[in-house]
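Coming up, as structure tokens: structure 1 and structure 2, two forms of one and the same protein chain.
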Structure 1
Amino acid sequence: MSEKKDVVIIGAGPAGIQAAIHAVRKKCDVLLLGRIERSALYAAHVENYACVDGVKTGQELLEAGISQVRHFGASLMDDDVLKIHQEADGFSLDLEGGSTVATRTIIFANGTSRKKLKVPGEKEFFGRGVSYCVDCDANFFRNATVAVVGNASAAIDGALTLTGYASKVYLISRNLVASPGLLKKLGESAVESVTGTWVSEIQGDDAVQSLLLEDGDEISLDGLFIELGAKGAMELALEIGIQLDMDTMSHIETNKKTETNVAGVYAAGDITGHPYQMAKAVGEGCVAGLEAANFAKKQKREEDA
């Protein structure tokens, strides 16, 4: 086993990158685990990150971030964590590659995995008409025709939001379940609800052009929002007793300092909940990196004493 790390960050998206930058600049020994391709940002287009003008691809932003992380001297490892063991003065992580890493602190920055439709075209057109985030991408579909697919309030909310941007909004559901108030609002809106069916294929060439539905119908459109809810990437966190957000039960509960209920464990980015925005992720990553660095330094002093 190598020297004990001060800070291990799980997840190389914007939250993890920002946490690594701040922790390593505090002269900590920092390991960033993961790869940028796993970040929800990777296939996205970003135009709303303050002080970065124009539209950038998630890939180019993340590559710039990794270059910063390397420049400041954090270690990077493309490996997965299999299991976390809590120990007397920190944690040890079993990695899929077979190695074990000891650390004084952990930052969970591994995002949420959006539930997938699992239909042909979903993967190919992600970022080219297929989106998992209305709040992030509605603005790209001004005056376009779009659909939302999903059965719960998240899908209805998404469709209602989109009516403020797109010229035509479909809501495709097998069986809508939501509050009477929300269903009433949907009924009064411009959304065209298509119920009792489901998306069976997403078609297009360079970008999405149409949907095939299970009942055989076809809808021509420019974008599909998949709103099936989010699955937390947090099984590891649960194993060491991290508390979830009681409202959603699918995010890690943190305070303003990004602390979880377990001392020395922090969380930042989508995994702590909405809004799923790059700016919110880097803001929490900044705080988590600085807080974890302070915690690790204090603990190291105690170990040395």
Structure 2
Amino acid sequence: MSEKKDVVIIGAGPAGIQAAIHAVRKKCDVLLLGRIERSALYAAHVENYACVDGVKTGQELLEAGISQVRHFGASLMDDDVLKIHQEADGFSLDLEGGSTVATRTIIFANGTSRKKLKVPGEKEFFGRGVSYCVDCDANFFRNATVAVVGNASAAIDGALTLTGYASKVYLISRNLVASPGLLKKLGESAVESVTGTWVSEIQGDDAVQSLLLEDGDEISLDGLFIELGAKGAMELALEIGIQLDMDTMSHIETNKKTETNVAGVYAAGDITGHPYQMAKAVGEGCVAGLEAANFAKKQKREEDA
């Protein structure tokens, strides 16, 4: 095991990158774990971030952020975390490459790992008509025909949101389950529900053009939003007793300092809940980086005393 890090950040999206920048500038030994391609921002286009004019690709923003992290002196690894252990004086993380990293603090910034449809065309058209974030990409589908696929409240909420942008919105579900109030809103909306079937293939040339459904029907459209819920990051958090948001059980509960219920563990970005926006992720990443750095430096002083 290598020398103990002050701060390990899991996730190389906007929250993780901002946390790394602030923590390393506080003279901490920082390790950023993750791949920018895994970030929900990577294939998105951003036009609503303050002080950044015009439309920027998520890829170019993330690559610029990684350059900053390197410039300020943080370490980077693209290994996934397999398991987290809570120790008497911090934490240890088992990485996919076989190494173990010890750290005084952890920042969860690995977003929400959205479930995939696992159908032909999904991977090929990601960022070219296929999206996993209505809040991020709805504005790019103004006056277009779109569909949302999913069986629960996230899919309904996404479809309702899209009615304010798109000219036509379909909601595709096998068996829609949600609160009566939300189902009532759906019934009163302009969303066209297609129930009892599922997407079997996403079709198109350079971008999405149509969906083939399991029942044999085909829908012509410009975009598909996949809203199947979130998983992945929660499993790591639960291993060390991190408390989840009691309303959704799909996000990490934090306070205004981005602290979790476990001392020395922080969370920032999509993993803490809506809105799934770059501005929120960067703001929380800033707070988490500063708070984790202060915690680690205090712990280090106590160890040296």
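In this text, the rigid core denotes the largest set of C-alpha atoms whose superposition between the two forms falls within 1.5 Å. Worth saying up front: this structure is predicted, and the values here are computed from it rather than measured. Numbers follow structure 1, counted from its first residue as 1.
Where the criterion is the form predicted in complex with a further copy of the same chain, structure 1 meets it and its counterpart does not.
A displacement of less than 2 angstroms separates the C-alpha positions of residue 130 between structures 1 and 2, with the rigid core held in common. The rigid-core alignment places the CA of residue 186 2 Å or more apart between structures 1 and 2.
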